[in-house]
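A single chain, nothing else alongside it, follows as C-alpha coordinates in the form predicted alone.
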(Lines give C-alpha, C1' and ligand atoms only; values in the text may rest on other atoms or scores of the structure.)
Protein backbone atom coordinates (compact mmCIF):
# COMPACT_ATOMS: atom_id res chain seq x y z
CA UNK A 1 0.00 0.00 0.00
CA UNK A 2 1.38 3.39 -0.99
CA UNK A 3 1.15 6.21 1.55
CA UNK A 4 3.13 9.00 -0.06
CA UNK A 5 5.53 9.92 -2.83
CA UNK A 6 8.68 7.82 -2.63
CA UNK A 7 11.52 9.23 -0.51
CA UNK A 8 14.13 11.24 -2.33
CA UNK A 9 17.66 9.90 -2.56
CA UNK A 10 20.60 11.83 -1.13
CA UNK A 11 22.87 13.37 -3.77
CA UNK A 12 26.16 11.51 -4.13
CA UNK A 13 28.06 13.11 -7.02
CA UNK A 14 31.21 11.12 -6.28
CA UNK A 15 29.43 7.95 -7.47
CA UNK A 16 29.26 9.27 -11.02
CA UNK A 17 32.99 9.91 -11.36
CA UNK A 18 33.97 6.61 -9.76
CA UNK A 19 31.75 4.64 -12.13
CA UNK A 20 33.10 6.49 -15.15
CA UNK A 21 36.58 5.37 -14.14
CA UNK A 22 35.42 1.77 -13.77
CA UNK A 23 33.39 1.20 -16.97
CA UNK A 24 33.93 4.28 -19.13
CA UNK A 25 32.24 7.67 -19.25
CA UNK A 26 29.97 6.87 -22.22
CA UNK A 27 28.30 4.12 -20.16
CA UNK A 28 27.44 6.46 -17.27
CA UNK A 29 24.88 9.28 -17.10
CA UNK A 30 23.56 11.66 -14.48
CA UNK A 31 21.67 13.75 -17.02
CA UNK A 32 18.37 14.83 -15.44
CA UNK A 33 16.40 13.47 -18.40
CA UNK A 34 17.88 10.02 -17.82
CA UNK A 35 17.37 10.20 -14.06
CA UNK A 36 13.68 11.00 -14.54
CA UNK A 37 13.23 8.37 -17.27
CA UNK A 38 14.62 5.67 -14.98
CA UNK A 39 12.73 6.77 -11.88
CA UNK A 40 9.57 4.79 -12.60
CA UNK A 41 8.01 1.90 -14.49
CA UNK A 42 4.41 1.53 -15.76
CA UNK A 43 2.90 1.60 -12.26
CA UNK A 44 -0.20 3.82 -12.56
CA UNK A 45 0.47 5.61 -9.29
CA UNK A 46 3.83 6.97 -10.50
CA UNK A 47 2.00 8.43 -13.50
CA UNK A 48 -0.28 10.21 -11.06
CA UNK A 49 2.71 11.71 -9.27
CA UNK A 50 4.30 12.83 -12.53
CA UNK A 51 1.06 14.45 -13.72
CA UNK A 52 0.90 16.34 -10.42
CA UNK A 53 4.50 17.52 -10.80
CA UNK A 54 5.96 15.18 -8.19
CA UNK A 55 8.84 12.92 -9.10
CA UNK A 56 9.24 9.36 -7.86
CA UNK A 57 12.57 8.70 -6.17
CA UNK A 58 15.45 9.64 -8.42
CA UNK A 59 18.67 7.63 -8.78
CA UNK A 60 22.02 9.34 -8.51
CA UNK A 61 23.24 7.82 -11.74
CA UNK A 62 22.25 5.50 -14.59
CA UNK A 63 24.73 3.01 -16.05
CA UNK A 64 24.58 1.13 -19.37
CA UNK A 65 26.84 -1.94 -19.13
CA UNK A 66 27.76 -3.76 -22.32
CA UNK A 67 29.06 -7.07 -21.01
CA UNK A 68 29.25 -9.19 -17.87
CA UNK A 69 32.56 -7.59 -16.91
CA UNK A 70 30.88 -4.19 -16.70
CA UNK A 71 28.13 -5.64 -14.51
CA UNK A 72 30.67 -7.28 -12.20
CA UNK A 73 32.52 -3.98 -11.80
CA UNK A 74 29.33 -2.08 -10.94
CA UNK A 75 28.09 -4.73 -8.50
CA UNK A 76 31.49 -4.77 -6.77
CA UNK A 77 31.45 -0.99 -6.51
CA UNK A 78 27.90 -0.94 -5.11
CA UNK A 79 28.72 -3.68 -2.61
CA UNK A 80 31.99 -2.17 -1.40
CA UNK A 81 30.47 1.30 -1.01
CA UNK A 82 27.01 0.26 0.25
CA UNK A 83 25.28 1.95 -2.69
CA UNK A 84 21.76 0.74 -3.67
CA UNK A 85 21.61 -0.84 -7.12
CA UNK A 86 18.42 -1.16 -9.15
CA UNK A 87 18.20 -3.12 -12.41
CA UNK A 88 16.05 -1.75 -15.25
CA UNK A 89 14.84 -3.69 -18.27
CA UNK A 90 11.93 -2.44 -20.35
CA UNK A 91 10.17 -0.53 -17.59
CA UNK A 92 6.91 -2.39 -18.24
CA UNK A 93 6.29 -3.47 -14.63
CA UNK A 94 3.03 -2.26 -13.13
CA UNK A 95 3.77 -2.44 -9.38
CA UNK A 96 6.67 -0.05 -8.80
CA UNK A 97 9.28 -2.79 -8.69
CA UNK A 98 11.78 -0.69 -10.65
CA UNK A 99 11.44 2.53 -8.63
CA UNK A 100 14.88 3.41 -7.17
CA UNK A 101 13.43 4.08 -3.75
CA UNK A 102 16.77 4.68 -2.03
CA UNK A 103 18.57 6.33 -4.94
CA UNK A 104 21.98 5.06 -5.90
CA UNK A 105 22.56 3.34 -9.24
CA UNK A 106 20.07 2.25 -11.87
CA UNK A 107 21.52 -0.30 -14.28
CA UNK A 108 19.94 -0.52 -17.74
CA UNK A 109 20.58 -4.01 -19.17
CA UNK A 110 19.11 -3.55 -22.66
CA UNK A 111 22.52 -3.81 -24.34
CA UNK A 112 22.49 -7.50 -23.38
CA UNK A 113 20.50 -8.58 -26.44
CA UNK A 114 22.53 -11.20 -28.33
CA UNK A 115 20.46 -14.15 -29.58
CA UNK A 116 21.80 -17.61 -30.53
CA UNK A 117 19.61 -20.58 -31.49
CA UNK A 118 20.56 -24.17 -30.74
CA UNK A 119 18.25 -25.99 -33.16
CA UNK A 120 19.39 -29.46 -32.09
CA UNK A 121 18.92 -29.11 -28.34
CA UNK A 122 15.95 -26.78 -28.98
CA UNK A 123 16.81 -23.76 -26.88
CA UNK A 124 17.75 -20.14 -27.43
CA UNK A 125 20.65 -18.43 -25.66
CA UNK A 126 19.57 -14.82 -25.18
CA UNK A 127 20.73 -11.72 -23.36
CA UNK A 128 18.63 -10.63 -20.40
CA UNK A 129 18.03 -7.24 -22.00
CA UNK A 130 16.58 -8.61 -25.25
CA UNK A 131 13.17 -7.20 -26.16
CA UNK A 132 10.38 -9.78 -26.18
CA UNK A 133 8.90 -9.01 -29.58
CA UNK A 134 12.31 -8.80 -31.27
CA UNK A 135 13.22 -12.19 -29.77
CA UNK A 136 9.97 -13.78 -30.99
CA UNK A 137 10.31 -12.32 -34.50
CA UNK A 138 13.91 -13.56 -34.67
CA UNK A 139 12.80 -17.06 -33.71
CA UNK A 140 9.91 -16.99 -36.20
CA UNK A 141 12.27 -16.12 -39.07
CA UNK A 142 14.24 -19.26 -38.25
CA UNK A 143 11.17 -21.49 -37.94
CA UNK A 144 10.69 -21.46 -34.17
CA UNK A 145 8.61 -19.87 -31.42
CA UNK A 146 9.17 -19.28 -27.72
CA UNK A 147 5.42 -19.34 -27.11
CA UNK A 148 5.73 -16.53 -24.56
CA UNK A 149 3.38 -13.62 -25.28
CA UNK A 150 2.84 -11.40 -22.25
CA UNK A 151 0.71 -8.33 -22.88
CA UNK A 152 3.91 -6.31 -22.44
CA UNK A 153 5.63 -8.24 -25.27
CA UNK A 154 6.61 -5.11 -27.19
CA UNK A 155 8.12 -3.36 -24.15
CA UNK A 156 9.40 -6.07 -21.81
CA UNK A 157 12.73 -7.91 -21.60
CA UNK A 158 13.81 -11.49 -20.96
CA UNK A 159 15.35 -10.54 -17.62
CA UNK A 160 12.14 -8.85 -16.54
CA UNK A 161 10.17 -11.99 -17.42
CA UNK A 162 12.35 -14.14 -15.18
CA UNK A 163 12.47 -11.64 -12.34
CA UNK A 164 8.67 -11.39 -12.16
CA UNK A 165 7.79 -15.00 -13.08
CA UNK A 166 5.98 -13.70 -16.14
CA UNK A 167 3.44 -15.65 -18.13
CA UNK A 168 2.11 -15.17 -21.64
CA UNK A 169 -1.27 -15.29 -23.31
CA UNK A 170 -0.50 -18.73 -24.82
CA UNK A 171 0.34 -20.22 -21.41
CA UNK A 172 -1.95 -23.25 -21.41
CA UNK A 173 0.19 -24.85 -24.12
CA UNK A 174 3.63 -23.35 -23.50
CA UNK A 175 3.58 -22.61 -19.76
CA UNK A 176 5.07 -19.68 -17.88
CA UNK A 177 8.64 -18.45 -18.03
CA UNK A 178 9.56 -20.89 -15.23
CA UNK A 179 8.65 -23.77 -17.58
CA UNK A 180 10.86 -22.36 -20.35
CA UNK A 181 14.00 -21.53 -18.35
CA UNK A 182 16.79 -24.10 -18.76
CA UNK A 183 19.76 -22.10 -17.50
CA UNK A 184 20.98 -18.60 -16.77
CA UNK A 185 23.91 -16.31 -16.10
CA UNK A 186 23.67 -13.87 -13.19
CA UNK A 187 26.02 -11.59 -11.27
CA UNK A 188 25.58 -11.81 -7.50
CA UNK A 189 27.15 -9.78 -4.67
CA UNK A 190 29.91 -9.06 -3.96
CA UNK A 191 30.50 -9.29 -7.74
CA UNK A 192 30.67 -12.93 -8.85
CA UNK A 193 29.37 -14.51 -12.05
CA UNK A 194 27.08 -17.50 -11.46
CA UNK A 195 26.51 -19.72 -14.49
CA UNK A 196 23.85 -22.43 -14.66
CA UNK A 197 24.21 -24.36 -17.90
CA UNK A 198 21.17 -25.56 -19.88
CA UNK A 199 20.18 -29.20 -19.48
CA UNK A 200 16.83 -30.89 -20.15
CA UNK A 201 16.74 -31.82 -16.45
CA UNK A 202 19.31 -31.93 -13.67
CA UNK A 203 19.35 -33.41 -10.18
CA UNK A 204 22.65 -31.99 -9.02
CA UNK A 205 22.09 -30.29 -5.70
CA UNK A 206 19.59 -27.47 -5.32
CA UNK A 207 18.05 -26.09 -8.53
CA UNK A 208 19.49 -22.60 -8.16
CA UNK A 209 17.50 -21.27 -11.11
CA UNK A 210 14.51 -21.14 -8.79
CA UNK A 211 16.21 -18.51 -6.62
CA UNK A 212 16.06 -16.02 -9.46
CA UNK A 213 12.59 -16.74 -10.81
CA UNK A 214 10.29 -14.11 -9.28
CA UNK A 215 13.18 -12.65 -7.27
CA UNK A 216 12.46 -9.15 -8.66
CA UNK A 217 16.11 -8.19 -8.73
CA UNK A 218 16.76 -8.94 -5.06
CA UNK A 219 19.32 -11.71 -5.53
CA UNK A 220 21.36 -10.79 -8.59
CA UNK A 221 21.67 -9.09 -11.97
CA UNK A 222 20.60 -11.41 -14.77
CA UNK A 223 22.73 -11.13 -17.90
CA UNK A 224 21.79 -14.20 -19.94
CA UNK A 225 19.12 -16.90 -20.15
CA UNK A 226 18.67 -20.23 -21.93
CA UNK A 227 15.03 -20.76 -22.91
CA UNK A 228 13.17 -23.67 -24.53
CA UNK A 229 11.92 -23.16 -28.07
CA UNK A 230 9.36 -24.97 -30.22
CA UNK A 231 8.86 -25.47 -33.96
CA UNK A 232 6.70 -22.70 -35.41
CA UNK A 233 3.11 -24.03 -35.31
CA UNK A 234 1.95 -25.79 -38.45
CA UNK A 235 -1.68 -24.73 -38.09
CA UNK A 236 -3.94 -22.60 -35.94
CA UNK A 237 -7.66 -23.06 -35.18
CA UNK A 238 -9.78 -20.22 -33.74
CA UNK A 239 -12.88 -21.01 -31.68
CA UNK A 240 -15.33 -19.12 -29.49
CA UNK A 241 -18.37 -19.95 -27.38
CA UNK A 242 -21.06 -18.22 -25.40
CA UNK A 243 -22.21 -19.76 -22.09
CA UNK A 244 -25.12 -18.75 -19.88
CA UNK A 245 -22.93 -17.91 -16.91
CA UNK A 246 -19.36 -17.89 -15.62
CA UNK A 247 -19.75 -21.10 -13.66
CA UNK A 248 -20.78 -23.06 -16.79
CA UNK A 249 -17.87 -21.65 -18.81
CA UNK A 250 -15.32 -22.52 -16.11
CA UNK A 251 -16.72 -26.04 -15.80
CA UNK A 252 -16.17 -26.52 -19.53
CA UNK A 253 -12.60 -25.27 -19.30
CA UNK A 254 -11.87 -27.50 -16.31
CA UNK A 255 -13.08 -30.48 -18.35
CA UNK A 256 -10.59 -29.56 -21.10
CA UNK A 257 -7.75 -29.20 -18.62
CA UNK A 258 -8.45 -32.59 -17.06
CA UNK A 259 -8.62 -34.25 -20.49
CA UNK A 260 -4.95 -33.56 -21.15
CA UNK A 261 -5.64 -31.32 -24.15
CA UNK A 262 -3.57 -28.14 -24.27
CA UNK A 263 -5.12 -25.30 -26.24
CA UNK A 264 -2.63 -22.47 -26.66
CA UNK A 265 -5.10 -19.81 -25.52
CA UNK A 266 -8.20 -19.97 -23.32
CA UNK A 267 -9.85 -16.74 -22.19
CA UNK A 268 -13.17 -16.62 -20.35
CA UNK A 269 -14.79 -13.17 -20.00
CA UNK A 270 -17.42 -12.24 -17.46
CA UNK A 271 -20.66 -10.70 -18.70
CA UNK A 272 -19.31 -7.15 -18.71
CA UNK A 273 -16.04 -7.84 -20.51
CA UNK A 274 -17.82 -10.09 -23.01
CA UNK A 275 -19.47 -6.93 -24.34
CA UNK A 276 -16.02 -5.72 -25.44
CA UNK A 277 -14.61 -8.84 -27.07
CA UNK A 278 -17.87 -10.30 -28.42
CA UNK A 279 -19.47 -7.01 -29.53
CA UNK A 280 -20.02 -8.43 -33.02
CA UNK A 281 -22.09 -11.33 -31.66
CA UNK A 282 -25.63 -10.16 -30.81
CA UNK A 283 -26.47 -13.33 -28.89
CA UNK A 284 -23.48 -12.77 -26.58
CA UNK A 285 -25.11 -9.86 -24.74
CA UNK A 286 -25.79 -10.83 -21.13
CA UNK A 287 -23.76 -14.03 -21.57
CA UNK A 288 -20.20 -15.20 -20.84
CA UNK A 289 -17.83 -15.46 -23.80
CA UNK A 290 -14.89 -17.83 -24.18
CA UNK A 291 -12.11 -17.61 -26.77
CA UNK A 292 -9.96 -20.66 -27.53
CA UNK A 293 -6.99 -20.92 -29.89
CA UNK A 294 -5.40 -24.22 -30.82
CA UNK A 295 -2.03 -24.37 -32.58
CA UNK A 296 0.64 -26.88 -33.48
CA UNK A 297 0.67 -30.14 -35.41
CA UNK A 298 -2.47 -30.35 -37.58
CA UNK A 299 -3.49 -33.87 -36.51
CA UNK A 300 -2.99 -33.04 -32.85
CA UNK A 301 -5.03 -29.83 -32.82
CA UNK A 302 -7.86 -31.42 -34.82
CA UNK A 303 -8.10 -33.97 -32.00
CA UNK A 304 -8.02 -31.16 -29.43
CA UNK A 305 -10.83 -29.41 -31.30
CA UNK A 306 -13.04 -32.47 -30.76
CA UNK A 307 -12.30 -32.37 -27.02
CA UNK A 308 -13.01 -28.61 -26.81
CA UNK A 309 -16.32 -28.88 -28.70
CA UNK A 310 -17.37 -31.73 -26.42
CA UNK A 311 -16.58 -29.70 -23.30
CA UNK A 312 -18.62 -26.76 -24.63
CA UNK A 313 -21.49 -28.89 -25.95
CA UNK A 314 -24.03 -26.91 -23.89
CA UNK A 315 -22.71 -23.53 -25.07
CA UNK A 316 -23.37 -21.61 -28.28
CA UNK A 317 -20.52 -21.83 -30.81
CA UNK A 318 -19.84 -18.34 -32.20
CA UNK A 319 -17.09 -19.03 -34.73
CA UNK A 320 -13.74 -17.39 -35.40
CA UNK A 321 -14.62 -13.69 -35.28
CA UNK A 322 -14.20 -12.99 -31.51
CA UNK A 323 -10.84 -14.78 -31.48
CA UNK A 324 -9.69 -12.87 -34.58
CA UNK A 325 -10.71 -9.60 -32.96
CA UNK A 326 -8.81 -10.50 -29.80
CA UNK A 327 -5.64 -11.38 -31.76
CA UNK A 328 -5.75 -8.02 -33.53
CA UNK A 329 -6.32 -5.95 -30.37
CA UNK A 330 -4.69 -7.90 -27.53
CA UNK A 331 -1.72 -5.57 -27.04
CA UNK A 332 -3.76 -2.37 -26.81
CA UNK A 333 -3.39 -1.13 -23.21
CA UNK A 334 -3.76 2.60 -23.72
CA UNK A 335 -6.68 3.06 -21.32
CA UNK A 336 -4.43 3.92 -18.36
CA UNK A 337 -2.72 6.78 -20.18
CA UNK A 338 -5.99 7.91 -21.80
CA UNK A 339 -7.97 8.30 -18.60
CA UNK A 340 -5.40 9.17 -15.94
CA UNK A 341 -5.07 12.81 -17.08
CA UNK A 342 -8.85 13.05 -16.55
CA UNK A 343 -8.48 11.97 -12.92
CA UNK A 344 -9.79 8.44 -13.57
CA UNK A 345 -7.38 5.73 -12.47
CA UNK A 346 -7.54 2.30 -14.10
CA UNK A 347 -5.54 -0.73 -13.04
CA UNK A 348 -5.48 -4.50 -13.13
CA UNK A 349 -5.04 -7.07 -10.37
CA UNK A 350 -4.30 -10.72 -11.22
CA UNK A 351 -4.61 -13.52 -8.68
CA UNK A 352 -4.92 -17.30 -8.70
CA UNK A 353 -7.17 -19.71 -6.85
CA UNK A 354 -8.22 -23.37 -6.87
CA UNK A 355 -11.29 -24.52 -8.76
CA UNK A 356 -13.25 -25.17 -5.57
CA UNK A 357 -13.23 -21.49 -4.59
CA UNK A 358 -13.07 -19.84 -8.02
CA UNK A 359 -16.66 -18.62 -8.40
CA UNK A 360 -16.98 -17.52 -4.79
CA UNK A 361 -13.72 -15.57 -4.95
CA UNK A 362 -14.67 -13.93 -8.26
CA UNK A 363 -18.00 -12.74 -6.85
CA UNK A 364 -16.48 -11.51 -3.60
CA UNK A 365 -13.67 -9.58 -5.30
CA UNK A 366 -16.02 -7.89 -7.76
CA UNK A 367 -18.30 -6.92 -4.87
CA UNK A 368 -15.31 -5.69 -2.84
CA UNK A 369 -14.16 -3.40 -5.68
CA UNK A 370 -17.65 -2.06 -6.26
CA UNK A 371 -18.06 -1.33 -2.56
CA UNK A 372 -15.22 1.23 -2.67
CA UNK A 373 -16.62 4.72 -3.05
CA UNK A 374 -15.79 6.13 -6.47
CA UNK A 375 -15.63 2.87 -8.43
CA UNK A 376 -16.97 3.23 -11.96
CA UNK A 377 -16.11 -0.16 -13.44
CA UNK A 378 -15.22 -3.61 -12.14
CA UNK A 379 -15.01 -6.71 -14.30
CA UNK A 380 -12.72 -9.66 -14.97
CA UNK A 381 -11.61 -12.47 -17.19
CA UNK A 382 -9.89 -15.79 -16.57
CA UNK A 383 -6.88 -16.19 -18.83
CA UNK A 384 -4.54 -18.86 -17.41
CA UNK A 385 -5.71 -22.33 -16.46
CA UNK A 386 -4.38 -25.43 -14.74
CA UNK A 387 -5.83 -28.79 -13.74
CA UNK A 388 -5.81 -27.37 -10.19
CA UNK A 389 -7.29 -23.93 -10.75
CA UNK A 390 -7.43 -20.61 -12.53
CA UNK A 391 -6.00 -17.10 -12.76
CA UNK A 392 -8.50 -14.23 -12.61
CA UNK A 393 -7.51 -10.86 -14.04
CA UNK A 394 -9.57 -8.09 -12.47
CA UNK A 395 -9.87 -4.65 -14.06
CA UNK A 396 -11.13 -1.65 -12.10
CA UNK A 397 -11.50 2.06 -12.70
CA UNK A 398 -12.63 4.89 -10.49
CA UNK A 399 -13.00 8.59 -10.01
CA UNK A 400 -12.29 9.50 -6.37
CA UNK A 401 -14.95 11.46 -4.53
CA UNK A 402 -14.35 14.97 -3.22
CA UNK A 403 -13.48 13.47 0.14
CA UNK A 404 -10.57 11.37 -1.11
CA UNK A 405 -7.58 11.53 -3.44
CA UNK A 406 -6.66 9.24 -6.31
CA UNK A 407 -4.13 7.60 -4.00
CA UNK A 408 -6.73 7.04 -1.27
CA UNK A 409 -9.13 5.42 -3.73
CA UNK A 410 -6.37 3.31 -5.27
CA UNK A 411 -5.18 2.04 -1.87
CA UNK A 412 -8.75 1.25 -0.78
CA UNK A 413 -9.37 -0.90 -3.85
CA UNK A 414 -6.13 -2.79 -3.46
CA UNK A 415 -6.77 -3.39 0.24
CA UNK A 416 -10.26 -4.71 -0.49
CA UNK A 417 -9.01 -7.10 -3.16
CA UNK A 418 -5.90 -8.36 -1.35
CA UNK A 419 -7.75 -9.03 1.89
CA UNK A 420 -10.50 -10.88 0.00
CA UNK A 421 -8.02 -13.07 -1.87
CA UNK A 422 -6.12 -13.92 1.32
CA UNK A 423 -9.39 -14.77 3.05
CA UNK A 424 -10.16 -17.32 0.33
CA UNK A 425 -6.68 -18.83 0.40
CA UNK A 426 -5.72 -17.58 -3.08
CA UNK A 427 -2.37 -16.22 -4.26
CA UNK A 428 -2.24 -12.41 -4.27
CA UNK A 429 -0.15 -12.42 -7.48
CA UNK A 430 -0.15 -14.76 -10.45
CA UNK A 431 2.38 -13.13 -12.78
CA UNK A 432 2.82 -9.39 -12.23
CA UNK A 433 4.87 -9.93 -9.08
CA UNK A 434 4.99 -7.91 -5.87
CA UNK A 435 6.98 -4.73 -6.43
CA UNK A 436 6.13 -2.06 -3.92
CA UNK A 437 2.37 -2.12 -4.31
CA UNK A 438 1.80 -5.64 -2.95
CA UNK A 439 4.62 -5.64 -0.39
CA UNK A 440 2.37 -5.15 2.65
CA UNK A 441 0.47 -8.37 1.99
CA UNK A 442 3.37 -10.71 1.18
CA UNK A 443 3.92 -12.06 4.70
CA UNK A 444 0.21 -12.72 5.21
CA UNK A 445 0.00 -14.60 1.93
CA UNK A 446 3.26 -16.56 2.27
CA UNK A 447 2.99 -17.23 5.97
CA UNK A 448 5.43 -16.12 8.66
CA UNK A 449 7.82 -19.06 8.41
CA UNK A 450 8.08 -18.89 4.62
CA UNK A 451 8.49 -15.12 4.64
CA UNK A 452 11.19 -15.34 7.31
CA UNK A 453 13.06 -17.90 5.20
CA UNK A 454 12.75 -15.65 2.15
CA UNK A 455 14.30 -12.74 4.06
CA UNK A 456 17.11 -15.00 5.32
CA UNK A 457 17.89 -16.02 1.75
CA UNK A 458 18.08 -12.36 0.79
CA UNK A 459 20.47 -11.67 3.66
CA UNK A 460 22.59 -14.70 2.78
CA UNK A 461 23.00 -13.79 -0.91
CA UNK A 462 22.99 -9.99 -0.57
CA UNK A 463 24.13 -9.38 2.99
CA UNK A 464 24.38 -5.60 2.55
CA UNK A 465 20.99 -5.33 0.88
CA UNK A 466 22.22 -3.35 -2.10
CA UNK A 467 20.03 -5.01 -4.76
CA UNK A 468 16.63 -3.41 -5.40
CA UNK A 469 16.52 -2.14 -1.83
CA UNK A 470 12.95 -1.71 -0.59
CA UNK A 471 11.30 -3.98 -3.12
CA UNK A 472 8.95 -6.73 -1.89
CA UNK A 473 9.24 -5.26 1.58
CA UNK A 474 12.87 -6.30 2.14
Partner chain sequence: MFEMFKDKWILEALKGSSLGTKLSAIKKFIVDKSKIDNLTKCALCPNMCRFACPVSVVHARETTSPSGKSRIALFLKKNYIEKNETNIRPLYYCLACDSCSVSCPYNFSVNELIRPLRENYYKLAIYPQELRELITMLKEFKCIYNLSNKKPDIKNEENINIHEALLYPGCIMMKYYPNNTNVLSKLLEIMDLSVKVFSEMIDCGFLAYELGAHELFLEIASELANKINSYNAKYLITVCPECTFTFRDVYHDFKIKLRPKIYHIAEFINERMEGFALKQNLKVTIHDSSTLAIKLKKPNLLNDILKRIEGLEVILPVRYGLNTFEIVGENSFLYWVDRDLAYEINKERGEELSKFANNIIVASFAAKKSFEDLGYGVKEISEFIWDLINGLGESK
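The shown structure was predicted, so the numbers you read here are calculated from the model rather than taken from an experiment. Residue numbers count along the first chain shown, from 1.
A second form of this protein, the form predicted in complex with the partner chain, is not displayed here; the remarks below concern that form.
K.L.:
Can you pick out, from 388, 356, 337, 80, the residue that has a heavy atom within 4.5 Å of the partner chain in the predicted bound form?
P.N.:
When the partner chain is considered in the predicted bound form, the option within 4.5 Å is 337.
K.L.:
Select from the listed residues 444, 423, 26, 69 the one whose heavy atoms reach within 4.5 Å of the partner chain in the predicted bound form.
P.N.:
Among 444, 423, 26, 69, a heavy atom within 4.5 Å of the partner chain in the predicted bound form occurs only for 26.
K.L.:
Taking the partner chain as it sits in the predicted bound form, is residue 38 near enough to touch it, meaning that at least one heavy atom pair lies within 4.5 angstroms?
P.N.:
Judged by the heavy-atom cut-off of 4.5 Å, residue 38 is in contact with the partner chain in the predicted bound form.
K.L.:
Using a 4.5 Å heavy atom cut-off, state whether residue 317 contacts the partner chain in the predicted bound form.
P.N.:
Taking the distances in the predicted bound form, the answer for residue 317 is no, it never comes within 4.5 Å of the partner chain.
K.L.:
Using heavy atoms and a 4.5 Å limit, would one call residue 145 a contact residue for the partner chain in the predicted bound form?
P.N.:
Taking the distances in the predicted bound form, the answer for residue 145 is no, it never comes within 4.5 Å of the partner chain.
K.L.:
Can any non-hydrogen atom of residue 415 be found within 4.5 angstroms of the partner chain in the predicted bound form?
P.N.:
Output for residue 415 is no: heavy atoms all beyond 4.5 Å of the partner chain.
K.L.:
At 4.5 angstroms, heavy atoms only, are 118, 250 and 295 all close to the partner chain in the predicted bound form?
P.N.:
Not a single listed residue reaches the partner chain in the predicted bound form, so no.
K.L.:
So which of 212-220, 260-268, 189-197, 128-136 is the stretch with heavy atoms within 4.5 Å of the partner chain in the predicted bound form?
P.N.:
Selected stretch: 128-136.
K.L.:
Residue by residue through 105-122, which ones have a non-hydrogen atom no more than 4.5 angstroms from the partner chain in the predicted bound form?
P.N.:
Result: 108, 110, 111, 113.
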